[in-house]
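Next up: just one chain, as structure tokens, the form predicted on its own.
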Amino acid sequence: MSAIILLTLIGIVFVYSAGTYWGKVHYGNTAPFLFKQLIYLGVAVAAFYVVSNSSLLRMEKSWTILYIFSLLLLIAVLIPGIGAVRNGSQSWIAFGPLSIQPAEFAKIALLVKLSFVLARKKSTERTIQLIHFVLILLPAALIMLQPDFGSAFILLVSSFALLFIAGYPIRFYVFLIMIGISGLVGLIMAAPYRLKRIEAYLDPWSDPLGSGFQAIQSLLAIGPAGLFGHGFGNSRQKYLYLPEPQNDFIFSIIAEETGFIGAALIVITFAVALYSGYALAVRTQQLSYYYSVAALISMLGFQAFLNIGVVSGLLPVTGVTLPFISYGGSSLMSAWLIVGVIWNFTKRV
């Protein structure tokens, strides 16, 4: 828990630092993102308290209801007038100045529901395997319709990691890789901007003012930072070079201001949190709880790896937040909800 609290506090501090100039230009205030993030944190901690102490969430029926409700939200977000479009994706439901991203909560509901199903059914039965895939593909398809490739990718990878933990054979993953390559080709053909992202990943300087812009600006933030960085609040790339630096690319600002030492601290803290989570998972008293905790921790770890890989140029650009650190209510609340579920399932260990 201490690692999670540390990551959250680091997030609060650097949401302020990264968003000062963006906030000043767009809102006339240097701290609008800080104030909102503090509100989001209060709501997230309250949600954590409720979830971590709810006996209802230890029953599969509750997660069946939550899974169905998450599907309804994913359908609602696609309806014009309900779903809000941001950065080309209709992924949000707005309530005045606030909004939620249903995909963040659908991922949690899916993984826990699937964990309960895997714990009570043998995965070798063909009919049961079909149920597993239907559970996974329904929310994944709805998320892709938004389209939100990053969230769908995290959902699929986390789900198949759970199937691996539950004992699916290796040959299944060989087949899955072949299907995945075919699906990737299809997605690129359906939306050519994804091909541009791959081209920008291979050579961002081929289009420095277009598809390669974010990758280049992120590297310009991280590269010159050295061992200790430029100092807190002294980022150069947050001055409208890196778009919305308090969101997906906040790790770039942290690395720019604190250098290799600060960036390494973030990675180590995530590693400690993941190790602690897996240690709790293996000590749980029920198989469904073990699957749930292992799957949720794996999702957090993969999302953190994906975000850091993107901002450091190791992976193609995709819209994925850094858990506990990036600005955003849905991102912060879903991360703390995951901690709440893990705490609920393991606090008797």
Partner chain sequence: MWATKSTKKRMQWMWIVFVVLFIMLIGKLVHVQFIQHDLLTKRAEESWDREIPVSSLRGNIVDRNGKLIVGNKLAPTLYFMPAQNDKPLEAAKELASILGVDEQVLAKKMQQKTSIVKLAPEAKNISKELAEKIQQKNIPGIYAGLDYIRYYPYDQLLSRLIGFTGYDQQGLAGLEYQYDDLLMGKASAIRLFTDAKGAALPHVQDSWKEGQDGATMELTIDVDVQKVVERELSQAMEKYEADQAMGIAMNPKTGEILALASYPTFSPPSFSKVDSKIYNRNLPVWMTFEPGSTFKIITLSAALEEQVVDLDKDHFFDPGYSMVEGARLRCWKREGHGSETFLEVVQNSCNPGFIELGRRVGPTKLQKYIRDFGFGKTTGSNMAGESSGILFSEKAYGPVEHATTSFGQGISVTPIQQVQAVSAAINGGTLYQPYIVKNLIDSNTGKVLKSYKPVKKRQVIKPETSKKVREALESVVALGSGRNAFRDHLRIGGKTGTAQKVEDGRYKDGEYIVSFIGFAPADDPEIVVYVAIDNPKNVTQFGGVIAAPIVGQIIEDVHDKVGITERKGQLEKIYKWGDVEKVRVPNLVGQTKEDIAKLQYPFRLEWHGNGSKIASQLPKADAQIGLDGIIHVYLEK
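A quick note: this is a predicted structure, and the numbers were derived from the prediction, not measured. Residue numbers count along the first chain shown, from 1.
We do not show the form predicted together with the partner chain, though everything after this point is about it.
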property	result
Sole residue of Ile100, Ala263, Leu71, Leu156 within 4.5 Å of the partner chain in the predicted bound form, by heavy atom	Ala263
Of Val185, Ile75, Val267, Ile128, the one that lies within 4.5 Å of the partner chain in the predicted bound form (heavy atoms)	Val267
Partner contact for Arg86 in the predicted bound form: the partner chain, 4.5 angstroms, heavy atom	no
Contact flag, Gly301 vs the partner chain in the predicted bound form, heavy atom cut 4.5 Å	yes
Tyr278: touches the partner chain in the predicted bound form, heavy atom cutoff 4.5 angstroms	yes
Touches the partner chain in the predicted bound form: Ile108 (any heavy atom, 4.5 Å)	no
Answer range among 108-116, 135-143, 174-182, 236-244 for contact with the partner chain, defined in the predicted bound form as heavy atoms within 4.5 Å	236-244
Heavy atom contacts to the partner chain in the predicted bound form at 4.5 Å, residues of 266-294 in sequence order	Val267, Phe270, Ala271, Leu274, Tyr275, Tyr278, Ala281, Val282, Thr284, Gln285, Gln286, Leu287, Tyr290, Tyr291, Ala294
